[in-house]
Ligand SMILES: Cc1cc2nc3c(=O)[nH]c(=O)nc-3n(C[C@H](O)[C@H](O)[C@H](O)COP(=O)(O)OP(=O)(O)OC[C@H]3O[C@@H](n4cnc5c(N)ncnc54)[C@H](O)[C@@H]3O)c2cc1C
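Consider the single chain below, provided in structure tokens and representing the form predicted alone.
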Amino acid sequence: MKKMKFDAAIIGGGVVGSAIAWKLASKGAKTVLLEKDDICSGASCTNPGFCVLSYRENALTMSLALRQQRQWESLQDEIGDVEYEATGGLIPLTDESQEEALSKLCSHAKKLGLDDIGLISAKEAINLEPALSETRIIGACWCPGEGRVNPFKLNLRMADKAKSLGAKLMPHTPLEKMIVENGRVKTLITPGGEIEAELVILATGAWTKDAAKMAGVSVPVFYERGEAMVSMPVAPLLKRIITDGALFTGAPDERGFVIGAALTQTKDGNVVIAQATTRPSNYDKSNTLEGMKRVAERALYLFPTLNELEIIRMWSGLVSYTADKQPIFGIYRDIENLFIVNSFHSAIAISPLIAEMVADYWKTGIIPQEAKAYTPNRFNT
């Protein structure tokens, strides 16, 4: 079997894995990226591309999001157009419980360093997003610094940039086995050959628990399924990225669904409408009639003028989360060269800066102070 040696091997060709390959290659690391399917075929290709600030949960991800907000222009200069647009983000509120929840969210966001966020009246919300039904909202949360990006272009352009800098991309190359010796991952077994790497990085999203098991590691990473759909291109209807206030108060119902309307209109005019969230088994990515019907009803409740949209595609994606709902970032203590990167909420918007932290670790051996709390070892103390 063919044998290859690298400084770093990344498992997972989504937006985070591709960003890491780019940043490592830019620092001179001999890098390989393994992906079991196509590049950008997992959660990254099902993402609406929201670049959010408002609902960042911790100081690390807020800091990264605020930094990235200032760097989209320079990023596009370096890797090409990813259709970033500073639209602002609007969260319509339809009842007092949502208003209370978003008031707390605004306070939390301000404590994390996001100054430009606040609650606005229904009239102000309509001025920002005229397609909203003024009679059905009581107000909104407005964050002008948010925007959207084309997730496909971002993922693929970062992968292409990594390749141009010498990284080896190996799509359709699943990881079959890890051989661990003396507290290190010694060899990765794949259909394309055996790979040895000084640093092995798991950027495997919803599949991280299974991937880590190959190294004898147990990490509490789980996943949920989000269902969405997209329309034919239409004339401009929506100006902002829209996140339903119901998503901040709704617990799973008796069928296990959390329903809310998250919408945006792409550069080409397609209206993306999400999402119905459930927790399936066996990595089930199938759509449900109930989920899509209820999302459509909620979207039309907020935006009645969308009733003539022609839906052309539906899909679902699996998004990872941890037992404590916080990211995982760092080396697993019992395997000194196994680096886990997982569960960064809305990672699309901060993937280049997550990748920079990984590349800096490869170069210096140092985890940033603000990221140390998210070590995978916190689950084993």
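Residue indices: 1-based, along the sequence shown. From a predicted model like this one, the values you see are computed outputs, not experimental measurements.
One more form of this protein, predicted in complex with the ligand, exists but is not displayed; see below.
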Proximity to the ligand in the model of the complex, single hit among 328, 348, 53, 60 (heavy atom within 4.5 Å): 348
Heavy atom within 4.5 Å of the ligand in the model of the complex - the one residue of 257, 142, 207, 84 that qualifies: 207
Partner proximity in the model of the complex: residue 306 to the ligand, non-hydrogen atom cutoff 4.5 Å: no
Residue 46: touches the ligand in the model of the complex, heavy atom cutoff 4.5 angstroms: yes
Residue contact check: residue 34 to the ligand in the model of the complex, 4.5 Å heavy atom: yes
4.5 Å heavy atom contact, residue 252 and the ligand in the model of the complex: no
4.5 Å heavy atom contact with the ligand in the model of the complex for all of 11, 173 and 344: yes
Stretch from 223-231, 133-141, 295-303, 115-123 whose residues place a heavy atom within 4.5 Å of the ligand in the model of the complex: 223-231
Heavy atom within 4.5 Å of the ligand in the model of the complex - qualifying residues of 265-303: 274, 275
